[in-house]
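The data below hold one chain only, encoded as structure tokens and taken in the form predicted alone.
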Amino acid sequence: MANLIKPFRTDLHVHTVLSPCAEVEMIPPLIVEYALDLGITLIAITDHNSSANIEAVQKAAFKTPLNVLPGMELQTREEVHSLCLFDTIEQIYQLQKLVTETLPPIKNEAEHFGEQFVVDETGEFIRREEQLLLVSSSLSLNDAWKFVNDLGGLFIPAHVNRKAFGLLGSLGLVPTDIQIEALEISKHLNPEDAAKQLPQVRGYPLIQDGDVHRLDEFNGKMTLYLEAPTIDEIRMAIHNNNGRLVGFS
């Protein structure tokens, strides 16, 4: 029997207390509880340059309706933030190894940048991440895209309408030497206005997320119509293939 296409209210850009710019409330059980209270059933955990809290959120979401994809918000040497999304922990850990090797060895100054906490599924403290995460990898945008793509992941430049760390603010254009499948816009800009205000994004599929650093920043305006919460299905939805769709409310 064929699977049915189902709606997944989605936010693919969610930080935890591992990101120094995130609030202390961004611990696994509260992330899961708050997302479900909003009717969100699909998220990606995308901390800055790190993947250490993903499994904790997945464990917190176990036996709930919330699906949690492994992800990362990678900062390339051009100071562009991009979402790197995967199906499996094994994939994200391969990216993590490369990112760790390409980050400058700078120790985090918590009083200046914020704490970087690794926690368990209950939100209990495990350790502090000593490597500063709010810094650029030496990977180029092209390098990062190719590595993520070769791993079977989805590479989406984040909040492209923002001046700080956005693709358009940093480069002024969408590069044509890599195959950008979609662009993310901030929750304060709807897709129709984005196409009018930003001619560079015309012709590219758009997604919209909350860039969640505190619980009340969950967006939930985007619904993906998928058979299952996988990268292949999300890719089909982005391209409006085989009945998969991206909808906005």
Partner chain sequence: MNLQEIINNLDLKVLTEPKDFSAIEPTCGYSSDLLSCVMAGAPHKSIWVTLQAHSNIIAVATLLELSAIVITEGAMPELATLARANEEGVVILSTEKPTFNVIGKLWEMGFHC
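All of these numbers come straight from a predicted model, not from anything done at the bench. Numbering follows the first chain given and starts at 1.
Note that the form predicted in complex with its partner chain isn't included here; everything after this is about it.
- Against its partner chain in the model of the complex, the set E78, S140 and L171 is in full contact: each member has a heavy atom within 4.5 Å.
- Listed stretches are 126 to 134, 97 to 105, 150 to 158, 70 to 78; the contact stretch with its partner chain in the model of the complex is 70 to 78, by a heavy atom cutoff of 4.5 Å.
- Remark: H112 does not count among the residues lining its partner chain in the model of the complex, judged by a heavy atom distance of 4.5 Å or less.
- In the model of the complex, its partner chain sits beyond 4.5 Å of every heavy atom of E90.
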